[in-house]
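Here we start with a single chain on its own, the form predicted on its own, put down as structure tokens.
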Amino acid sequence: MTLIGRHALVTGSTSGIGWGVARALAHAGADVMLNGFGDPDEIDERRRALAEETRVTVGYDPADLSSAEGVAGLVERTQAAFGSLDVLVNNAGIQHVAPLDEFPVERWDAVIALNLSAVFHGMRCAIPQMRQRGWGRIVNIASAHGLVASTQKVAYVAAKHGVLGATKVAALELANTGVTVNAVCPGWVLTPLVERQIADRAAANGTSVAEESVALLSEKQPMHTFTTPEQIGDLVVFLCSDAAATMTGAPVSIDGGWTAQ
């Protein structure tokens, strides 16, 4: 499943799922453009280390994806830097939790802008060149919440359902162009943010991290095991490979059985 000679953009890739995806693509041989927020020195150190480790080109662009112009600029600069954009992974996202009738309007707008509109704008800007070249892979990182709902997450759930709809539309429109469009739907993923949440719960409840991990997972997943960013990265590499050349428009669950219930 080599991607040598391909050029990839992964949004929201300075940590968590996006970083796992970026690392997997780089190890498969693709040049990678990172994107996201964080300490500039830490990001540059990670970028340089990944480039040295994999011997591919690893760039970084701090574009703000909350506007159409920000997304368009990121895609254009990536195409200019690499000469083409072959793989687009729309991963950037935020969350806010509140009852629907108390949900702050500004937080709704922010979640929809980054979790849904940025996906649309990324595809809109990347597709013309992919279609022209006759090859492309778009992978949208959705969620189990793109398939089922949970309370107090109206913006996130609406956005992720929208991502699946947009994925299917793009897949149909590009079915005979050499460009595939799929969505990955993770359940609980062991990111640094989740690790901190578990540690905080354990400290507050006087329990162990292992106990709190099972308690958190069992709220949704039959399997009491976290998915890792590395596993999601490997799945994305598969979807970009020739082995998945006829997979398109698919919501691919990696959720410990969450949506099988």
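Numbering starts at 1 and runs along the sequence shown. Keep in mind that what you see is a predicted model, and the values were worked out from it rather than measured.
The same protein also exists as the form predicted together with nicotinamide-adenine-dinucleotide; that form is not shown, yet it is the one meant from here on.
- Here is the short version: of 114, 75, 130, 138, the single residue with a heavy atom within 4.5 Å of nicotinamide-adenine-dinucleotide in the predicted bound form is 114.
- Within 4.5 Å of some heavy atom of nicotinamide-adenine-dinucleotide in the predicted bound form lies at least one heavy atom of residue 66.
- Taking non-hydrogen atoms only, residue 94 approaches nicotinamide-adenine-dinucleotide to within 4.5 angstroms in the predicted bound form.
- With a 4.5 Å cutoff on heavy atoms, residue 17 counts as touching nicotinamide-adenine-dinucleotide in the predicted bound form.
- In the predicted bound form, nicotinamide-adenine-dinucleotide stays beyond 4.5 Å of every heavy atom belonging to residue 89.
- The three residues 13, 188 and 193 all sit with a heavy atom within 4.5 Å of nicotinamide-adenine-dinucleotide in the predicted bound form.
- The partner is not drawn, yet in the predicted bound form one stretch among 78-86, 180-188, 167-175, 100-108 has residues with heavy atoms inside 4.5 Å of nicotinamide-adenine-dinucleotide: 180-188.
- Contacts of stretch 35-50 with nicotinamide-adenine-dinucleotide in the predicted bound form, defined by any heavy atom lying within 4.5 Å, are made by 35, 36, 37, listed in sequence order.
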